[in-house]
Structures are given as C-alpha cells and as structure tokens.
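Next comes just one chain, in structure tokens: the form predicted alone.
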C-alpha cells in the first residue's frame, strides 16, 4: 500500500497549481458513454480513481488515451453493460455507471461498489430514482441488476440531497422519454460541472446549483471538449498545510468561489486570506485560534471531506474546538491516529472535541481512507521528528503528486511504494 515519510517542523512557503477535481471528473467519465463519440477532458488529474475508472471504460469497449493532463475518451466502441466485478469493488464511484448503462443498453449488471470505509453510504436513493424512471431492479447482497424496456421522464423527489444519486439520476434521465425533474437535488459545484459536460454533447439540462434540475435527452449527440474545474478539497488541503506549518501559500488555478465556507473557517482560525479571480493567498498566524463549533453538511456548508483535514489543524490550536460530523458516522477514524502523534482528540460517533497542543510529535500511523491519509500527512508536517503514514495509496486515489507539491513548498516528504 505504500507509505509517506515526513520529517516535520518545516515552514511551508510558495506556490501550488491546483489540479482538476476528482469529484467532478469521475461522473463526467461515466457520462462520456452517452454520446458514443469523442470526449476530451483537459485539466484532468492523474490519480488512481481516474485510472480505475478508465480501466472500466476500456472494459466496456471505449478507447482511452492520456497525454499529460489531457484525457481523450472515444465511446463509439462500447459493446457491453457489465462492469467487471473487481473494478466495481475498487471504488465507490463505479455506481455512477448504473444509470448511464441502463439508459444506453436497457440493462446493466454491477457489483456493489467499494471505496473508503467512512460509514454507511447506501445506494437505495439511486435505485429508487431509477425505479421512478421505469427500471426493474433485482438486488442481492453483492450485486445490482437493472432492466428497463423504456425509461420515462418524471418528477423525482430525493429524500436527501445526495451528490451520487443526483448524478446517477441525471445520467439515466438523458435516455428517458420526455422531461425529468429532480427535486431536492445536490447543489455541489461538481453537479454543475456534470451539467456543463452534458450540455456540451447536446443534452438539454438546466438548474445545477439549485435544488431543482431539469433534463431532457436528445437523439443526436456530438463530440465534446471540457476543462475540469479545480479541486476545492485539494485546494483546502494545501491551504491547511501552510496554516499548520505557520507558513504562507499562493494557490493558482483555483475556483475560490466554491470554497467560501472553508475560507471563512480558515479566517476564523486566524489566517490572513486574499482572493483574486483564480487564486488564493493565505498567510498563517503565529497561533491557530480554536473554533467553538463546526458542523459538516451538504454544499454550501462545510464539506465532510475537509473535516479530517481541519481536525489536524485544530490539534495545534490555542484552545478547545468541537466538530460535529453530520454526513458519515465513521469519519473520525483519524482521531486515534492523531492521538498517537500527541494530539488530544476525544471522538465519539458524531462529535469530536479537540484540545490544542503546542506541537505534534512524529509517529507511525495508518491512513484509513483518502482524507484521513491527507490529514495525517498534514499532522506530520507540523510534528517534531519523523512521521510515517502507512496505507498511503489511499491518498493517491485523490491527490495528484501531493508529495511533489509539498516538497516544492519546502516540506521533507517522500512516498515509498513498499517497505523501503
């Protein structure tokens, strides 16, 4: 699984070019099956979740070519609607092939997806939405099989503003007769990015960014070229890396408008922040201020993906902070690992109390998921001595060359693929 080795205590300073968004590109890759033509994705991050998704596309009959940050998919050769079992089980976002393959072929078979163990993420909302469009679904403990002679546009009311369910419904609705209206849709910027891709190939879709999305497919699609929006979680990670090391950073190629809650919280921690059109500057205070109460929530509230990263920062604050995790019940696994580094975190299922310490200390710790891994790297940047973060391949699922970027800011960090 690899590991990161970090010698902490270095003040980070410099510039970072933010990569394209993991959470935006994955549904767009699934959507590239719609047009049966070529899709060119620029600013595409080179991360393992993208690589896994590309392997699924190839298994379905697509051709895929990467040249640097440019990914080209041609889906004219797609010839089956069965996602290989081992590929589906590698990542959560494999579920996003459900709607598009159902619509394109009238049937789909997929194993229930894998991914990070951060809590229950049932696919019931996805399946109920597909049923409303006319799908027949047979579900076992491990598999999902959907069939539909014809999908019919309708009003779909999501019980929760689920990002994945919103995306899957959008992808299936393209193939439905008539208009589909999604009520209580997720409002994340990644939903907007999917909409813009779909519009570029000829789909009639409006409303992304609001609670109501309208979709009507079309019979004739075209080639597309889209630029993947910047990754707001990656950007937040690098801002926090500067903050936890009392440093300063200038981020380029970043859509700060999607990061307002994160920037607000960083400012409350005492950081000096300046934004321009596509950039963010942050200078850390001498001492991080504690935060009375932070709650995660759906966009535009504080993102659950940023919660472990913020916790690392708050372990070094000058007082006591409280985080309430409202999205996933198992998203405090990093707390015990931070405590191995001298942090003082008391975490229950949904509530964590963090008492700040002067400095963390190096230790050997284990990443349990993608964002927990990033949080432990940040803790290692602050810590006195050497920190080893095991299971580091979790981090490579969502960060393109994090060690290279941190090294460029002055960190002593290296990735070891194996025991040495």
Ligand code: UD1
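Residue numbers count along the first chain shown, from 1. All values derive from a computational prediction rather than experimental measurement.
Below: the form predicted together with the named molecule, not depicted.
Taking a 4.5 Å heavy atom cutoff to the named molecule in the predicted bound form, the contact residue among 221, 256, 328, 192 is 328.
With the partner omitted from this view, the residue of 317, 333, 82, 304 that lies near the named molecule in the predicted bound form is 304 [heavy atom within 4.5 Å]. Residues with any non-hydrogen atom within 4.5 angstroms of the named molecule in the predicted bound form fall in just one of 335 to 343, 221 to 229, 157 to 165, 176 to 184: 157 to 165. Contact with the named molecule in the predicted bound form, defined as a heavy atom within 4.5 Å, is made by all three of 26, 123 and 126. At least one heavy atom of residue 188 is located within 4.5 Å of the named molecule in the predicted bound form. Residue contact with the named molecule in the predicted bound form: residue 245 places no heavy atom within 4.5 Å of it. Interface residue remark: residue 93 is counted as part of the site for the named molecule in the predicted bound form, having a heavy atom within 4.5 Å.
Shown here without the named molecule, the chain has no residue in 44 to 60 lying with a heavy atom within 4.5 Å of that partner in the predicted bound form.
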